[in-house]
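The chain below stands alone, shown as structure tokens; this is the form predicted alone.
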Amino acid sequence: MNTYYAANLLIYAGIDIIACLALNLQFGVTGIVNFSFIVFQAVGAYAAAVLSMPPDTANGGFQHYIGGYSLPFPAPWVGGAVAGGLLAIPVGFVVLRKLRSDYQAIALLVLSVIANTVITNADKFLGGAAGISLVPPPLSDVINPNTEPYEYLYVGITAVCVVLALVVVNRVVNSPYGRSLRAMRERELAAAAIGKNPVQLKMTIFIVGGVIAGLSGAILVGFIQVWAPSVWLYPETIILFAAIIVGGRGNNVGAILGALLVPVGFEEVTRLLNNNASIANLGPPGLIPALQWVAIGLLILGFLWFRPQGVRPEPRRIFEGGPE
């Protein structure tokens, strides 16, 4: 295993862990079926890109995008996180206030499709279908991004962000506020009857999840240095939901485990199959990636049927008065 491959694997694992922690906070703990999660990650990526890039005229004008501020690190990543949180405010205000949970899921799925379609066709806004390229890597003015030490540096920065996200979600989940969220998830009417405000609770977690999702997108775009609508199609959210279901809904350790098993694990299996000539030549081109989606669907169905609590079930806290 060479250094570049190992660094790639660790960075993608860190990004997936951050995303799964955010989605677990929204879906696993609070019960918000956020089928538009990938949109918040995309907004963070776009925001970080335009904050770190020069104006679109700097590279010969071959691509078009708004902004271009050439801000130094970590301002683009902070901006990406803030952008994810800001987007969550109007979306949550529209979707979470009046709609039932099943209609919320449908509305958020529609939002994901609409957002991708709009950005794809607005070529003067954020590059359209071609997207944005030549995004400057963080600290590229200090250390050469094509060197081995930079790979270690990026792994370290990503690890710090993973720890930061984990501390935030742990503080929420293991606090009295987290117990209110779980009570609302299980019995929203009962939680409202004892004085809890379900809309306020959902809005707060929706915004916190949006911030963490935006951060994951900022880390990703800084690493791959390109972002386009084809990267954030709505099925990508299904992979993260699969990770939460497999790892264990409502459990941060389960979210981390699910991120390692599903997004990272399945990508690695697909890579190994594609590198095997005898397997890669079976069937038409693109068969193995298509079978990957079939396998993910079967994995979700299998866990929902046989082990809905996931590999690492949500811990049950017992108090003197009985179960929580």
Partner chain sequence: MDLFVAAFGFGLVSMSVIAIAAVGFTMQFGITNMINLAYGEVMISAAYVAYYVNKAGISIWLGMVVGALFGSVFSFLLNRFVYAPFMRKGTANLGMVIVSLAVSLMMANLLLPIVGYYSVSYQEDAGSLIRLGSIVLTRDQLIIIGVAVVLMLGIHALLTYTRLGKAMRATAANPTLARNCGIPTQRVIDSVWLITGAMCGLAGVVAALNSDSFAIANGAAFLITILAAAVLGGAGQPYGAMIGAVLIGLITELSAAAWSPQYKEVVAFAILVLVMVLRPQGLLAKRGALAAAG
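In this text, all values refer to a predicted model and were calculated from it rather than measured experimentally. Numbering follows the first chain given and starts at 1.
Below, we turn to the form predicted together with the partner chain, even though it does not appear here.
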- Message: Only one of 137-145, 157-165, 92-100, 209-217 has heavy atoms within 4.5 Å of the partner chain in the model of the complex; I'd like to know which.
- Response: 92-100
- Message: Quick one: Phe27, Val294 and Leu298 and the partner chain in the model of the complex, is every residue within 4.5 Å by at least one heavy atom?
- Response: yes
- Query: Is the gap between Pro72 and the partner chain in the model of the complex 4.5 Å or less for some heavy atom pair?
  - Reply: no
- Message: So, Val33 and the partner chain: in the model of the complex, are they within 4.5 Å at any heavy atom pair?
- Response: yes
- Query: With the partner left out of view, is Val311 within 4.5 angstroms of the partner chain in the model of the complex by any non-hydrogen atom?
  - Reply: no
- Task: Using the partner position in the model of the complex, report whether Ile224 sits within 4.5 Å of the partner chain, counting heavy atoms only.
- Result: no
- Task: Identify, from the list Ile114, Ala190, Val253, Leu233, the residue with a heavy atom within 4.5 Å of the partner chain in the model of the complex.
- Result: Ile114
